[in-house]
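The chain that follows stands alone, in the form predicted on its own, written as structure tokens.
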């Protein structure tokens, strides 16, 4: 009987609610809520008319039940994922809510009450997603902290080379110690940046958020956390975050240091950090390829742009020849890492990063070609003002030849660079620079008024050029014909020297047969005059040429021996004839300043690069 009375009471309450709210489902629902709050017998489950013919009745019942289940977790002050049972129950409720919305959405257009219920369901879903977003962020942060403190980071963290005591900052206060890395010799390493259990939890949350249409929000939370980790990892290598303008204002010495760090950081990023982030994205967003690709791009974009912008700043900066070798380092690093760019940034979201890497790599190639053009201009502009003392090696010759030899150590890279420019090749470029250098040296040789010294200058510089070309990559580029041709040029300079220095003396020593038989002592007077003239000329040459320089010791000896070879026989023959002329007198040796050995000794003193020794003839 009591049960029958309670049933009548419940029926009356339902009737009142329907009557007062017959035009407004929300009002009816509010009235039922008032009854439920007034008397425990009027619970929402009991008051809801299971026989209500409206389609929204069962939907409303489901939403009410899900609201109670979900709200207790949404309002909780404690992390849901601190308890596996709570997290599992919360995800089950979210799954049911998503399924309910998906099931009833097709009916919303035809039934206003269903549409009203779905609005409430969407609000509940949004609250659930906000809480899932918070839980996702909390798991990311807690997981990252546990990884940083684990032993696995001991050999995977990288510090800069600046200071040994990086853990001590300021006035000796101990701050967070950055783990010190062992040197990396191989890059086949993948970092599991989060514990596996955390990754599984994140994956479960990501599935719900993407399914509910909150994939971008999930990706944003993920990328903001991982981006910070990635940027910190790169900054530990000492690579500064610089704009292109800031790079252009830096002294070259500082830029060189930054390039060394850039090479290290870029290899680390492309071979270890980025692949590890790709793997982590794929695990967290397993089965959600679009979300994984978007998240990965957002994580790596900032660090990638930082690395590429620095290389771009160098590529569009000064083309000073001294920069060649560091620009080659940048070019070779990007070239060698291009397969990694292709594989790691293979999805549609990363296409712009991949294309930018290729563009900057090509721009570095253009910079290298531009540096060689600037080297040509440097040679052309080098002034022919002051002569090098003693006809020695000119600084421009030493600079250019050592520069080209060093550059040719990267021959394969340079050939690749010049292949991009169909108008030239590396061998053509080198030949052209050598031609410019030789033309410049010929102009500089004209500064010397003495033709012999002009020849000595060309001997020194020509000999140095050939030596630097021989047995080097530069020589293989220029070819054997080039080397033979320039050896012949050096020999020609040698001949020019002998002709301009010693032909006149050889002419003095030449004795005509007719003069030896001349009457009245004419032969004696002629021979005495010739001897006197020889002594004067020989002394003058020795005085002048002793301070001259032949830098190559072997060639210096060859040059002196060649002079000895032509001069001593002529002088010996002359002295012999001089001594046999009767009119000379009984003691002809008194008139001879130099014996043959003295002449040889004086010749051996040539090209010492210092002041001529005192004395001269025999003692």
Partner chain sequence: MPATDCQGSSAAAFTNFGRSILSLRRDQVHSMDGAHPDSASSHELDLDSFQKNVADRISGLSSGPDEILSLSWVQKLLDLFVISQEEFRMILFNNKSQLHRAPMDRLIAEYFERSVKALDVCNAIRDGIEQMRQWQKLIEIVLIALDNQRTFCDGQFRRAKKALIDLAISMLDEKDSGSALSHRNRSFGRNTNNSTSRDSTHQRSLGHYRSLSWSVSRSWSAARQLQAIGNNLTAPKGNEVMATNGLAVVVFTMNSVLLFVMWALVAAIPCQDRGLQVHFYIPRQFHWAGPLLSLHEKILEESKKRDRKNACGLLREIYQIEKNARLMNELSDSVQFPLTEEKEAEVRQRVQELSKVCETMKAGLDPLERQVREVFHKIVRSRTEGLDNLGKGHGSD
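Whichever C-alpha set is largest while still superposing within 1.5 Å between the two forms counts as the rigid core. Numbering follows the first chain given and starts at 1. Quick caveat: nothing in here was measured; it's all calculated off a predicted structure.
Here the subject shifts to the form predicted in complex with its partner chain, a form of this protein not shown in this document.
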Discussion item. Under a 4.5 Å heavy atom criterion, is residue 217 part of the interface with its partner chain in the predicted complex?
Written reply: yes
Discussion item. Since only the chain is shown here, I'm wondering whether residue 243 would be in contact with its partner chain in the predicted complex (any heavy atom pair within 4.5 Å).
Written reply: yes
Worksheet item: Does residue 134 make contact with its partner chain in the predicted complex, using a 4.5 Å heavy atom cut-off?
Response: yes
Item to complete: With heavy atoms only and a cut-off of 4.5 Å, decide whether residue 312 touches its partner chain in the predicted complex.
Response: yes
Discussion item. If the cut-off is 4.5 angstroms on heavy atoms, which of these, 283, 405, 504, 248, is the one near its partner chain in the predicted complex?
Written reply: 248
Worksheet item: If you check 484, 102, 381, 446 against its partner chain in the predicted complex, which one has a heavy atom within 4.5 Å?
Response: 381
Discussion item. Within 4.5 Å, heavy atoms only, one stretch in 260 to 268, 366 to 374, 81 to 89, 495 to 503 touches its partner chain in the predicted complex. Which?
Written reply: 366 to 374
Worksheet item: For the spot marked by 275, 362 and 415, is every residue within 4.5 Å of its partner chain in the predicted complex through some heavy atom?
Response: no
Worksheet item: What residues in 111 to 143 sit within 4.5 Å of its partner chain in the predicted complex, counting heavy atoms only?
Response: 119, 122, 123, 126, 127, 130, 131, 133, 134, 137, 138, 141
Discussion item. Checking residue 101 here: with the core superposed, does its CA move 2 Å or more between the shown form and the other one?
Written reply: yes
Worksheet entry | Yes/no, residue 75 Cα shift of 2 Å or more between the shown form and the other one with rigid core fixed | yes
Fill in: Core-superposed comparison between the shown form and the other one, residue 90 Cα displacement 2 Å or beyond
yes
